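Okay, so here's just one chain, in structure tokens, the form predicted on its own.
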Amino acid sequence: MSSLIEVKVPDVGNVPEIDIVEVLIQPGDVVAVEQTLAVMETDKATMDLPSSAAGIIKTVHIKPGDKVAEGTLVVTLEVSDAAPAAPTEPAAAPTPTPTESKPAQPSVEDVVKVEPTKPISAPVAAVAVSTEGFKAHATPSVRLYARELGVDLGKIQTGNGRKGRILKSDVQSFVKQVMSSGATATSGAGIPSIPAVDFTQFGDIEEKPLSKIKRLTGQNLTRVWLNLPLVTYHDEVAIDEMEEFRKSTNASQGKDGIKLTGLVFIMKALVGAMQKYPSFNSSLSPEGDKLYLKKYFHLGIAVDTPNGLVVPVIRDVDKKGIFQLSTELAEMSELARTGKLKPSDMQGGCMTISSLGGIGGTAFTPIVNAPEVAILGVTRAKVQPVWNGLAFEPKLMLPLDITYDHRVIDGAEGARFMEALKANLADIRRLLL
């Protein structure tokens, strides 16, 4: 005997709408439990949609380009009554790894490359229309879309949807109208767009569309760049003692033991500095009149993937030892490589670490991952001659770059924070105090 069951989109975290970018099955196909039925994409990651049961595909209810949410019907399956369906499990996440295609455990030398993004044109401007007392009719997904573009829905008096409901197309039309009219942006920055160029006149070209993750990352980074007064402070610290301790500890663990990476020491040192300077573990209210000081310490580890930048979050770093952190980083790397990270794995960060150590360099300017107020950049450590007052001696110097929101953190506090971070890295015994 057989019966029909429905496979629906499972819980994928706090994501109101997901794009279907690829459907991998068709009616008549035989599928197994956990076999990928389709590929979905959010603004943060590409995600596999697994089957919750084994059977024969009778009907496919989705197609590429569709937008779905939790509970949307995906396929109808014919299954054997002898093999009941497995419970629906959360969808898997970013196909390309947030922790790049690297060893399972990140280190100081891990590559985290932020792709350069094309700036969007001027922020959406407000038009001179009185909207006092007007409440826009729009779905939550349209409201989220409008917020991403900086559009005040109150400026759109009537939409083209049923009963005047505002649609995404109405938001897009409003943006085009404002941009073509040359109105002043709400933030006060009237930035002209970059003119289009026909590059074929100079030679052969290849056109390659950006992934959704890269497009939205570009928009988010541009929004931060336009709205936050960013300051980057560069410094370096000798980490000879830290490296000696790390290597000796790894040697004592044996070949099958947990291997410590430089990154876990940076995480612990960073949290120690954040505890001393709480402003770095805060977020500024949208109105800019108050700070939200966080009592938890979750760190994002920015990584590069073929689809764009992703930031998985390691939680409660202050409460975990370096071995546990190394294990979690290795597990996160494995989840990323196999496409099983969930959106919730990339939410709730207090501060982000971005490393270019695997490539090289001496300094760079990381962009704050708002609503965080600071980000730490790390490049490759190298041995340099350092004057000790009597002679030059070789020291393993690690370059550090801290970018912060100058509305929250002033220059003196930024410098003191870096000194605290350096002190923790130079003598890891400070972390025990």
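Residue positions are given as counts along the sequence shown, with the first one as 1. Being a predicted model, the structure only gives us computed values, none of them experimental.
The next section is about a form of this same protein that is not shown, the form predicted in complex with oxidized coenzyme A (CAO).
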item: The single option of 49, 398, 53, 402 touching oxidized coenzyme A (CAO) in the predicted complex, heavy atom within 4.5 Å; value: 398
item: One residue of 358, 218, 154, 161 in contact with oxidized coenzyme A (CAO), assessed in the predicted complex (non-hydrogen atom, 4.5 angstroms); value: 358
item: Full three-residue contact with oxidized coenzyme A (CAO) in the predicted complex, heavy atom 4.5 Å, for 263, 309 and 379; value: yes
item: Candidate stretches 198-206, 295-303, 277-285, 315-323 - the one whose heavy atoms come within 4.5 Å of oxidized coenzyme A (CAO) in the predicted complex; value: 295-303
item: Oxidized coenzyme A (CAO) contact in the predicted complex: residue 212, any heavy atom under 4.5 Å; value: no
item: In the predicted complex, residue 329 touching oxidized coenzyme A (CAO) (heavy atom, 4.5 Å); value: yes
item: Close approach of residue 137 to oxidized coenzyme A (CAO) in the predicted complex, 4.5 Å, heavy atom; value: no
item: Partner contact for residue 234 in the predicted complex: oxidized coenzyme A (CAO), 4.5 angstroms, heavy atom; value: no
